[in-house]
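Coming up is one lone chain in structure tokens, specifically the form predicted on its own.
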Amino acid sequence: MISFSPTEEQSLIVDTLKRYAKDRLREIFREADEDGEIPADVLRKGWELGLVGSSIPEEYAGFGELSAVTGALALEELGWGDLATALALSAPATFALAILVAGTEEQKQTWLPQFSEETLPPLTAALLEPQMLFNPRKLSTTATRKGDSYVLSGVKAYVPLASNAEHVLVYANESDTTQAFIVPTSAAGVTVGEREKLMGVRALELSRITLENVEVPATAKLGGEAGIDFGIIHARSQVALAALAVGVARGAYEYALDYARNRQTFGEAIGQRQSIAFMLAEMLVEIDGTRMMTWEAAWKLDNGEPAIRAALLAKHQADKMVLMVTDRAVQILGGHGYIREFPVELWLRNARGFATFDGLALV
């Protein structure tokens, strides 16, 4: 039976992240968006909370165990605080948790201890590509076997924190299957391009990476000769992004609700008007429904049940829901909703990106 009651440990994690999101992220998110940079001390504090380390077992220098449900609970709070910072803190997790889920024992022993250190490790992952109708199961980036090596060629987009990354987990097409390879950014043929300028998450550094006949040893293939089951990793990414979307939407809903209760026109709060009240009710229904779908998919991942369909449905629902909720928040604020002094326009811009954020988070 699926249980929706968090454990004591999960409640502690949520409470800790809730305080961090309220006290730190909500204090800097607007300035960070305007400046195009997340304050280093905010990132450092977020990393010190140990969200990734608590997902790694003690045998790999961690202090917890992998749980998609716990990850979903945590990412909702980070998404509520600031999506750009949440994705920046998730960048190393896209490397670490993929290794934990699908890596060989040697890969786990080599890489996972780095994620329990005090500083954000210079590691990230690259799935997205700059092409129409992107399909993560039919990648244009290729990996070709060459003796004891693999040769990778292609272009990756939206790679988080790429300019400082020392290694990137690159997803590529090998014999019509999606596999992943650990690629040092110092390797010949790797070029980290200029930062991409996006409509939303403007505080997050996202760059393109070009690979031109980049040669890596066969041991760099995630999972060794057997490779990976990409479906499971992708499902974990979809659950993570759905949880972040719930957090963004919840923040927009709460702000719009508070505004509607306090904004007076013609002698009454605008929230008393049926049109506004119905909008708020529909927003809440969609948020709660999407959260349940996300938790169900996460629970299935944790319990070894088939979760690919549930994760896909949760992600598709979250993409639509977060855009609807943030757009309604702008509408409820009226003219104020379009002014940068108020945060709802920022949340709407961020929400628009969820349909294209494949692979930017993992639980």
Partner chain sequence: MAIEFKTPGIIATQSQMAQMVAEQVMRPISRSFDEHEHDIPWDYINALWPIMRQNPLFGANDTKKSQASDGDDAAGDKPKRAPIGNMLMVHLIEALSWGDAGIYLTTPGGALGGAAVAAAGTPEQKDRFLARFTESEEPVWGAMAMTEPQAGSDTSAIRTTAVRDGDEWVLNGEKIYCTGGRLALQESKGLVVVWATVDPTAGRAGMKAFVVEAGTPGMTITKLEHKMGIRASDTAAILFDNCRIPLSNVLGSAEVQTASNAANAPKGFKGAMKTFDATRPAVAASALGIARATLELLREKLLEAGIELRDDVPYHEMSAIERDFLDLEAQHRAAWLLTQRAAWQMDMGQPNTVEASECKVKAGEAATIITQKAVEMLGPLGYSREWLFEKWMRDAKINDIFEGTGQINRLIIARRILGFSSRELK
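Residue numbers count along the first chain shown, from 1. Everything numeric in this text was worked out from a predicted model, so none of it was measured.
Beyond the structure shown, there is the form predicted together with the partner chain, which is absent from this document and is the topic of what follows.
- Although the partner chain is omitted here, in the model of the complex all of 7, 308 and 312 have a heavy atom within 4.5 Å of it.
- This chain lacks the partner; the member of 26, 45, 316, 336 within 4.5 angstroms of the partner chain in the model of the complex by a non-hydrogen atom is 316.
- For the residues 175, 274, 164, 213, the 4.5 Å heavy atom test against the partner chain in the model of the complex is passed only by 274.
- Residues placing heavy atoms within 4.5 Å of the partner chain in the model of the complex fall in a single listed stretch, namely 263 to 271, out of 263 to 271, 218 to 226, 147 to 155, 183 to 191.
- Though the partner is left out of this view, residue 325 does not reach within 4.5 Å of the partner chain in the model of the complex, counting heavy atoms only.
- Within 4.5 Å of some heavy atom of the partner chain in the model of the complex lies at least one heavy atom of residue 73.
- A residue is said to contact a partner when one of its heavy atoms sits within 4.5 Å of a partner heavy atom; residue 77 fails this definition for the partner chain in the model of the complex, lying far away.
- By the criterion of a heavy atom within 4.5 Å, residue 113 is excluded from the residues contacting the partner chain in the model of the complex.
- Applying a 4.5 Å heavy atom cutoff to the partner chain in the model of the complex picks out 288, 289, 292, 293, 295, 296, 299, 308, 309, 312, 313, 316, 317, 320 from 288 to 327, in order along the sequence.
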